[in-house]
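Presented as structure tokens, the chain that follows is alone, the form predicted alone.
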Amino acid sequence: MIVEGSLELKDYMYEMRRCMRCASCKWLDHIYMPDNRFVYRCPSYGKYYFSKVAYGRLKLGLALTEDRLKDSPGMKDMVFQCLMCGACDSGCKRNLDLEINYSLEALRGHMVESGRYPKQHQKLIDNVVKSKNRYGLPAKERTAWKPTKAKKKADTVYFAGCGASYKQTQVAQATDKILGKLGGYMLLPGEQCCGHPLFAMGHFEAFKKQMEMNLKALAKTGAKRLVTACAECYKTWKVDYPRLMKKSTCDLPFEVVHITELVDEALGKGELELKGKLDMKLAWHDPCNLGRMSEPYTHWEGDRGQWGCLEPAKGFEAKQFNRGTAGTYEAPRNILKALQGVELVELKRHHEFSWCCGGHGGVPEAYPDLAAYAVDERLEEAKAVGAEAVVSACPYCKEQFEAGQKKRDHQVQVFDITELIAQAL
């Protein structure tokens, strides 16, 4: 029996055996290739080459599952020198429909169970488990950004997340202003980390505890909608929580919305107006966790029949594959186009082909060289299309871009989209 989204490595034997190393996980499609400079989709392959790409990791997972490999030098690095950005999964599903991302997540969980994970991850794990935020800071500082529009009771909960609460507080302040214009909101009482870093690094049991606490807290509010301006929180609430509960996103008792979706809808209905003028050439960076990683999750159970054909179990329909094409792509673009004076240009790799900024999967903590390479590549890409600024919709993307600017001045400004929206209200 196949249970969609299983966290057990042994449940991905089909994927690990059938991967034929076609290289779709490392290169952009040859029919799409924008030029001969920005040709990779996988940052870890771009940085390290050889087998540090999805097909190499799948063969490693197969050897571990078949007990042909106990341990080897470099095994841990091979598994964790990966941003878990989902680019390989989107590439594979243009050809083979293998569940690459699920396989890589399960491989991480397998390594964590045997204690084989980077020691640099431990501080982040301890911070979330003990302090309930990724920075290990006091809970009372979580609202030091001073919300001004929050109500005691509302149908909409704003989940700020750790990044906007403690570091990129201008994102929380801008979202506060935007939501104030859209009817108001309430904060989640005692908000804690959504657990995203735990899940991305393979610490599933600790993640489940965070999930249960957050779901219980949201249920107590009675709110019907959860809004966030963080792509990581968005993916966690919209995709990972229902997946671990063996539910589809559409069966959640609340709606999960990114702030860009809410603003785009309000602009379309004439409920919000963007004023002022911003004379600037902007490039939109698709955050992995807003785009290809955040398609609605559809739970599925069934079996594989002859020739690998999938047969749904009783009560399920044909399996719906997430291919990375149905993420939140147009809402932020519509908003930026609505800003007066803005010229919006596309980066070479966009939508499901987007290049990760490097701020994900525990990589900045354990492999800062890979994180620095990824963001440097993205800022080079922004310069290649003539952008004066790069805009994203995740506090961690902004943090990563700022780190890239600090290391090597690219002469490209960096914004979170909430800052531009709030400025135009």
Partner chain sequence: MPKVTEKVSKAAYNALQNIVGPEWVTDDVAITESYVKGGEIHDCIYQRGQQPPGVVVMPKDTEEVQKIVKVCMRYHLPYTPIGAFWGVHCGGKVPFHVSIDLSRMRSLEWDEKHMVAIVGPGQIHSPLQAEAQERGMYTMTPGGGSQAAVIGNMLTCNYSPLNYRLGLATRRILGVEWVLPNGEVIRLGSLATSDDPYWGEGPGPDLRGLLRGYLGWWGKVGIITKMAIKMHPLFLPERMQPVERGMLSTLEFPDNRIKWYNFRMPSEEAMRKAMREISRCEIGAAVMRVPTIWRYRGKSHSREDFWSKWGPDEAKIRSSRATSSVCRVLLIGYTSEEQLQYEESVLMDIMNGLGAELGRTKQSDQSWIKNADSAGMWWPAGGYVSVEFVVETLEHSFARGKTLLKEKESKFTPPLVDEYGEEGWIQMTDMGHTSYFEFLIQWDPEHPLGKYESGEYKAWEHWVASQRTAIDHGQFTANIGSLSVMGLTGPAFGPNYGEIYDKVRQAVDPLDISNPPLDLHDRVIDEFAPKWKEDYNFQTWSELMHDGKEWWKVLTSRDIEWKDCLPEWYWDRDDKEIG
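Owing to the predicted nature of the structure, the values given are computational and were not obtained by experimental measurement. Residue numbers count along the first chain shown, from 1.
Note that the form predicted together with the partner chain isn't included here; everything after this is about it.
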Legend entry - Options 71-79, 255-263, 268-276, 165-173; stretch whose heavy atom lies within 4.5 Å of the partner chain in the model of the complex: 71-79
Inset, instruction - Please check if Y329 has a heavy atom lying within 4.5 Å of any heavy atom of the partner chain in the model of the complex. - result: yes
Legend entry - Exercise: S114 in contact with the partner chain in the model of the complex, heavy atom 4.5 Å: no
Inset, instruction - Answer yes if any heavy atom of N95 is within 4.5 Å of a heavy atom of the partner chain in the model of the complex; otherwise answer no. - result: yes
Legend entry - Contact label in the model of the complex: Y40 to the partner chain, heavy atom within 4.5 Å: yes
Inset, instruction - Consider the chain as shown here, without its partner, and state which of C309, A144, C250, A313 has a heavy atom within 4.5 Å of the partner chain in the model of the complex. - result: C309
Inset, instruction - Could you spot which one of R304, K130, K123, K216 gets a heavy atom to within 4.5 Å of the partner chain in the model of the complex? - result: R304
